[in-house]
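The chain below stands alone and is given in structure tokens; this is the form predicted on its own.
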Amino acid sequence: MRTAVVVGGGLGGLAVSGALARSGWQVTLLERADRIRPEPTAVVLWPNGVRALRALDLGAGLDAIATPLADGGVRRPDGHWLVQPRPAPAERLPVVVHREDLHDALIAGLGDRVELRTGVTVRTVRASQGERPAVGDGRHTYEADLVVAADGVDSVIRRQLAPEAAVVSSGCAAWRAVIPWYRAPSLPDSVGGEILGAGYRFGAASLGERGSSGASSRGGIYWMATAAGAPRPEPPQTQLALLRRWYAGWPAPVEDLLAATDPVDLVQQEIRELRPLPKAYGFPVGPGGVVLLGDAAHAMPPHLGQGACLAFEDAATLAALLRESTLPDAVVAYDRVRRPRAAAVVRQTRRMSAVLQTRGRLALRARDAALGTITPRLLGSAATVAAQWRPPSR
């Protein structure tokens, strides 16, 4: 029986663990925390991410928890439309999913071939030719045919195998929250769209419908805000007060949503990325190999919502290649397929980041004057890049 060690119990780690197990692998999933706790927020999945989950045989579970997200356009803080809402084919629209619901679906897909070990902090990786790959935490060594590094932007495995990829600040911080329906303000029929200011951004989406009795009890309104600068060191209550001050006077429903948010709802995140990207995503080792997956391979700002989508693409691609070929050939093929794909999406994300983080009066005027043309073109290009991906044939 083929064996794998997956390092990291985030969305990508859970997805690839389940995929390998369903293909007959014996998987050991190592997680640093004492238990796997998803953020109580949400994630937007574009069509490529949805296709990847379907390729991982998780489509039925996704359909029960996902809410379609229509194009809501882009406005300035004064309410002026920079980009009017535009209809789009359903196959090009994203969906929004509560992270806890998605986590539950991924956990349910693990099966009995996955051994989950928590409280394990991986510190070393063995990638010597002539030996099977392995990782260690200083007390135990975990050896397998394949090691999957899904341990996030601060990946220990990547630092040792691809030291050229540096973790750098993206120059902004993000805040996310889900307001449960019983506390959510009464709003128009739909919530959506984005608002862009001088280094600030705000977007919102409905999770399900108010009063619905769907598969999830975690419905509500999800919002995300980004602001230029470093993360705030204050407690959540003070951070929320700052957000209410920063976004005062912005178009509805921004102030209503911030007013309905409790400090316990708030999740802050420092936005970091890899510059440059690793020179390789796959490393043949003896009869097996090591691969990088998710943020460990291509951490990027969230401006195009592609982080989780690419992680699911990674998982679906790796699982398909391992069905079609043997190790270490599948590791070589994974590197060949995934590096150009990730580079293309990261390039689009950085272009959008440069537009969104414009500062200064003159620069903002120039951006606003051009955004009605630039943003649709950028978003269209990004959507095309995302739509180009199809799961590998079985």
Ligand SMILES: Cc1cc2nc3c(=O)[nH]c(=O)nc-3n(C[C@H](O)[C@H](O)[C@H](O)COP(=O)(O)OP(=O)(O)OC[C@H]3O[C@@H](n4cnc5c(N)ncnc54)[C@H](O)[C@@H]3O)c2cc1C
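Throughout, we count residues from 1 along the sequence that is shown. As the structure is a computational prediction, the values presented were derived from the model and not from experiment.
Below: the form predicted in complex with the ligand, not depicted.
Chemist: Is there a heavy atom of Arg176 no more than 4.5 Å from a heavy atom of the ligand in the model of the complex?
Modeler: Contact check for Arg176: yes, within 4.5 Å of the ligand in the model of the complex.
Chemist: Would you please decide whether Gln269 lies within 4.5 angstroms of the ligand in the model of the complex, comparing each non-hydrogen atom pair?
Modeler: Result yes; Gln269 sits at the interface with the ligand in the model of the complex.
Chemist: Taking any heavy atom pair closer than or equal to 4.5 Å as contact, tell me whether Gly282 reaches the ligand in the model of the complex.
Modeler: Gly282: no contact with the ligand in the model of the complex.
Chemist: Taking 4.5 angstroms as the cut-off for heavy atoms, does Leu321 touch the ligand in the model of the complex?
Modeler: Although the ligand is absent here, Leu321 would stay clear of it in the model of the complex, with no heavy atoms inside 4.5 Å.
Chemist: Within 4.5 Å, heavy atoms only, which of Arg341, Arg32, Arg54, Arg350 is in contact with the ligand in the model of the complex?
Modeler: Comparing distances to the ligand in the model of the complex, the residue within 4.5 Å is Arg32.
Chemist: If the cut-off is 4.5 angstroms on heavy atoms, which of these, Ala162, Val74, Leu257, Ala308, is the one near the ligand in the model of the complex?
Modeler: The residue from Ala162, Val74, Leu257, Ala308 that makes the contact is Ala308.
Chemist: Honest question, do Gly8, Val122 and Leu293 all end up within 4.5 Å of the ligand in the model of the complex by heavy atom distance?
Modeler: Yes: Gly8, Val122 and Leu293 each sit within 4.5 Å of the ligand in the model of the complex.
Chemist: Just one of 84 to 92, 244 to 252, 198 to 206, 147 to 155 has heavy atoms within 4.5 Å of the ligand in the model of the complex; which?
Modeler: Heavy-atom contact with the partner occurs in 147 to 155.
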